[in-house]
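Before any questions on binding or motion, here is one chain by itself as structure tokens, the form predicted alone.
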């Protein structure tokens, strides 16, 4: 016997929501999903009327659903936002070039302006070239640092007021777990924030409208809406540390479906005892980007690549920052350690 939708009680249910276990028809699921995102936006006051908002677009399911839902809600509730698509081309042959074709189709489908910035034009390097030099173990460190700064640079070119990204509940929970496992108190305090205020010159405020949306439901939404998205995983990410946190979280979710939200709420309510020394936010002595060290991570990684010292930005080499800033030569022993590519 067909199961009726638990919301309208008229149409046949086509799915069981992973988040609530409710059986819903397509139309009721679409409405519930969009209304939850709307409530997230309203309760956290993510936007102001008249703002220009850049949507981080990769062509994947999260950013495609985000762009679609933001356009729908902007029109439905008259947010009064000017929406733009902002993409980063990391220079990964056979992956990013294909996904950017999806973004270009999304631009036509949603009738939104699109800006693409590339690692090559910003840093003089592509991820293909970086991987050739550093190997496959720590390449995600380079990509993550460069992409964050690239998004800010692209946002400044477009003069947007905010960037919204497609980070979902699974992503946030994974980040909490990663920071706990690494003992990174500074990141643990801020990783669950739904929005970040402007942290200095050259940094655009960011927000996560999909923070409480389960990845499974985003996939279902994209599937039943027949949205055009790119579903291939990055060819350089199999060894990423996040993958281990993701596997662990999926195992927890199989036993306890609420594990994802439980981890997020734990991160949100975490407090650090008084007296714990926290990094002091400053600016990079070279490019002016936010940094708690003399040089920002992006400049250190770039310096290592340009000098043929790929390990310079991997691990703790803060004592070398002053040498780099003052262009002092490194000792033979320092260069020997930093040239090693046993990543």
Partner chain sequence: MCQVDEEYNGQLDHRVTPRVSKKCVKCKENTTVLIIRAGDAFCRGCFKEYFIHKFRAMLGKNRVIFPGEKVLLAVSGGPASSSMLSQVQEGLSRDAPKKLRFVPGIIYIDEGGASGQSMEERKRAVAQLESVFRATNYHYHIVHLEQVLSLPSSVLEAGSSATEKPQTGSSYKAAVDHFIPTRKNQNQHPDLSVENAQSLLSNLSMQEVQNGVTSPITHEHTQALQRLFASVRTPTAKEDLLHTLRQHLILHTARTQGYTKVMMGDSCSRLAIKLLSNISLGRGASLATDTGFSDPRHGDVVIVRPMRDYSSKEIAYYNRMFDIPSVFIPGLDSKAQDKASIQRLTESFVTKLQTDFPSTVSTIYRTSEKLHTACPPQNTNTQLSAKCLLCVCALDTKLEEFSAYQATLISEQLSQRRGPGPDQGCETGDGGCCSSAKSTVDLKSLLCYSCRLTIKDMTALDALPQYILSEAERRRSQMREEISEFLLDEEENEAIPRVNGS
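None of these values were measured; they are calculated from a predicted model. Positions refer to the first chain, counted from 1.
Just so you know, the form predicted together with the partner chain exists too; it's not on screen, but the next bit is about it.
Novice: Would the partner chain in the model of the complex be within 4.5 angstroms of a non-hydrogen atom of every residue among 35, 188 and 261?
Specialist: Yes.
Novice: Look at the stretches 84-92, 263-271, 155-163, 105-113 and give the one with heavy atoms within 4.5 Å of the partner chain in the model of the complex.
Specialist: Contact criterion met by 263-271 only.
Novice: Report the residue, out of 52, 281, 306, 39, that has at least one non-hydrogen atom within 4.5 angstroms of the partner chain in the model of the complex.
Specialist: Of 52, 281, 306, 39, the residue with a heavy atom within 4.5 Å of the partner chain in the model of the complex is 39.
Novice: Here the chain is shown alone; which of 140, 203, 252, 207 has a heavy atom within 4.5 Å of the partner chain in the model of the complex?
Specialist: Among 140, 203, 252, 207, a heavy atom within 4.5 Å of the partner chain in the model of the complex occurs only for 252.
Novice: Is there any non-hydrogen atom of residue 183 lying within 4.5 Å of the partner chain in the model of the complex?
Specialist: Yes, residue 183 lies within 4.5 Å of the partner chain in the model of the complex.
Novice: Taking the partner chain as it sits in the model of the complex, is residue 123 in contact with it (heavy atom to heavy atom, 4.5 Å or less)?
Specialist: Taking the distances in the model of the complex, the answer for residue 123 is no, it never comes within 4.5 Å of the partner chain.
Novice: With the partner left out of view, is residue 177 within 4.5 angstroms of the partner chain in the model of the complex by any non-hydrogen atom?
Specialist: Residue-level check for residue 177: yes, a contact with the partner chain.
Novice: May I ask you to check whether residue 212 falls inside a 4.5 Å heavy atom distance of the partner chain in the model of the complex?
Specialist: Because a heavy atom of residue 212 falls inside 4.5 Å of the partner chain in the model of the complex, the answer is yes.
Novice: Give, in sequence order, every residue of 233-251 that has a heavy atom within 4.5 Å of the partner chain in the model of the complex, or say none if there are no such residues.
Specialist: Read in sequence order, the residues that approach the partner chain (within 4.5 Å, in the model of the complex) are 241, 244, 248, 251.
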